[in-house]
Structures are given as structure tokens and as C-alpha cells.
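The chain below stands alone and is given in C-alpha cells; this is the form predicted alone.
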């Protein structure tokens, strides 16, 4: 195992896209075997040394940033163990440190398809699972959770949990007995809070009769170290076409999207407001002039239905006043990659600005029930209209999940942006939504989670963590403040 104590090396593990400041650690441990992880965790548990599990640094909530103790990096756990095709589906076994892009490419070579690819392709697969990540294609296919078949996890005690979906469920009293590979079980009580009926990544997963594997998906490095993941895959689609439709006004764009959600079978539906497009015009001068908003969508096709689907989409765009001469349409891999780069440039540019201005990111990750989306979007716009704060709204409108990114220019406006964010959170909770749909809570959204589930709900999460991490050393300050573990 490599142990790095050089300050410059440690510094590279003290940041992510949240721009959260003040992180520090004694060392970075880079193990190559499970036995090395087990020994490290046993020693850390004995000494009560905090351990922060580090992914690739693409998170936006400060989850991988340590405040003391040791950073545990899984970058050497980067092997794709197997990819197999079974009829209409496939299966892959991969180590936690495999970058998403490497996995996607290997799956494609085998004629397979992993739908919930998050926007950031350099992210580690293990981190995707640990944060319950998702992406644009969640609209049709669901999030990472829906594809996890098996997980191998090392607990802070050094015990190993190797758990397969569909094997261990909570009983009628809400008790789960999680088996250890060495024999015996750990008994835990599932929290009693009710999760919202939306795309959701807020706190620990909990549902009556839940599958034990779901505790470890979205746990943000607080319950155990994921070392190996087995995923279900789909066969690669016959064809995919992508499209950017541009609109002269927001109302036409939204009506197009609302009708497309009902009438079409899109793989993804993404929204970009006028400010989002203005932000990236310098990088993409080809964006049509005199347009206000845009919708990006992806559609799976076969040889038999491609012409009809293109005609149906064209008809829908014409109905909602899209100028087809200004529409971007892509079918080749090169064109689709360019379109995805365009989509990625919106949050990337925001992150560049945040880093340059040296402020913590003020970006929402709220999702609401579909029937409440229009009300939530109107609330966003009304709250921001006269705030004096630069902002943009974009994201996964197919899931009623939009990102509002505020870009305050000074400390006064930074504080004001925080107040506005809190109003958004309260509104979302009233509407039955979630405070975070895909990014997780990390270290910067504790207050929002408390509003969502109350002190009782947070206390249940604390008890769950203590059962699986009795030394209380893993991912401290992720999900809830570490002081609650005292």
C-alpha cells in the first residue's frame, strides 16, 4: 500500500467541484488489495482515526474532502473483472475505482449498454454507487440503484459484506440482518421516515420491506468501503438520435417538453434557460441567435421505426414553433459526443466561475413530483427575478429535476443566495419533493436534510451508521454533522 504524506500530493485530494475550503489530512492511503484496506480500517478503528473515501473528485457536495485523519483512495482498484452478454441483457463485475468512461467504452465493445451514465465521465463507478448517482437517461431507464446487482463492501471493523440483490429483506418489524462473509450478521433497524415519490438521493434509503443492498447505495462513504460492483446491463440499442431544439420563448419550450413527456418515448429530456445558453455562447458561437431556451432529447430507434420517430418528433417541434433550419440533429457517435460535450459545458463553466471567484457553489439539486414542476419552476423565476444575483436554470426536466445555479459576485450576495436556496428547499418539501435528487447531501446540505426528515429522521440515520460503523470513523460530516455521533 502506498502512503503519501507530501503536502502537495495531499492537496490534490482536498477539493471537488463544491469548492469547499479548509480540508486537511495526515496522509493519503492508496491500497492495492482488500487485505490492505482491512488492516488500515482495523487500525483506524482502534485509534479512532477518521477515514474519508476518495473518488475522482467530481462531486459537488464536499463528500470526499477530509477534515482530519486519512484519505483512502481506491484509484488502484481499477480493473474490469468481467463483462458478459446473456441474451437481451448483460452483466459486469468491476472494481470500484474504474472510471465511468472506461467502463462505458468496454461495455460498448461487448455490444452492451449501461444507461445511467452520469454527466461526469471521469467519475469512479464505486463513487457513482456510493452517491446514488444518475444522469439524463434516468428519465427512461432509472438511476444507478436500478442496475446494481451485487456489492462487496468492507466495514470499518474489517468485516466484509458481499451482498446480492433479492436475497436479504427487512422484516415486518423493520429489522434487517446483514450477513458477514466471516459468519454472523449485523442487525439494523430501517429508518421510519418516508422518502418522497421522486428521484431522490437524500440520506439513507429506507422503505418497508427494503432490500439490504440499498442501504449501501447512496451512503456517501459513511457505512463502508465499496470495493467491487456487479451491474446489470442492457443490449446496445440499434440506433440513437440526439436533438437540440431551440425556442424563441420559454412557454413554447415548456409546452413542447410537457407534451413530449406524455406522447414520446424519449431516453432523456433536458432543459436550458436563456441564461444557460448565454453562459456558454463564447464556447459555442454556433448557438442560434434570437432564441431564449432549448430542449435536448435522445431517442432510441430501430431500423423499422426510425423514420416514423423522426417524423413524429419533427411534427411535435413544428407544432411548438421550432425553426427546423436551426435545429441540431445528430445520429453518428461523433455528433452525439459533441452534443454531450455541449451539455456538459454548462455545469463545467459554472464550476470554472466558482473556482475563479473562490466561493462555495450555490446550486440546487431539487426534484418535485411531475404535477408540481410548473409551480416550482415559477417559484424559482419569481424568487430570482429581482434578486440582483446572476443565475441559470438547466437540467433533467424529464424527471422534474432542475438545477438552479446562482453566481453571487460578493459576500453579501453570497449570503442572499443562501437565503434564497433555503426558500427553494422549503417550497420543494411542501410540494412533496426532495432537497437533493442526484448529488447527495455531503458536507454542505445538512440543514436541508434536517428540514426534509426532521430531527427524528436524522437520529435514525445516526443509529444506522453506528450499527455498521461502530468506531464512527468513515465519511465523517457526510450526510449529517459528526457531532451527532458523540
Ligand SMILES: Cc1cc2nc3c(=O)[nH]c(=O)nc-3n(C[C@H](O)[C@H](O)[C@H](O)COP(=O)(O)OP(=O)(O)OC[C@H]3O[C@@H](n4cnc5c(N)ncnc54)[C@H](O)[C@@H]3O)c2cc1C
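None of these values were measured; they are calculated from a predicted model. Positions refer to the first chain, counted from 1.
Here the subject shifts to the form predicted together with the ligand, a form of this protein not shown in this document.
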Contact with the ligand in the predicted bound form, heavy atom within 4.5 Å, among 214, 298, 273, 120 goes to 120
Just give me the single entry in 55, 66, 433, 31 that has a non-hydrogen atom within 4.5 angstroms of the ligand in the predicted bound form. 55
Heavy atom to heavy atom, is residue 347 within 4.5 Å of the ligand in the predicted bound form? yes
Is residue 242 near the ligand? Define near as a heavy atom within 4.5 Å, in the predicted bound form. no
Residue 133: touches the ligand in the predicted bound form, heavy atom cutoff 4.5 angstroms: yes
Report whether the minimum heavy atom distance between residue 439 and the ligand in the predicted bound form is within 4.5 Å. yes
Establish, in the predicted bound form, whether 279, 390 and 408 all lie within 4.5 Å of the ligand, using non-hydrogen atoms for the distance. no
Spot the stretch among 302-310, 161-169, 124-132, 180-188 with residues whose non-hydrogen atoms come within 4.5 Å of the ligand in the predicted bound form. 124-132
Residues in 206-234 with any heavy atom within 4.5 Å of the ligand in the predicted bound form: 219, 220, 221, 224, 225, 226
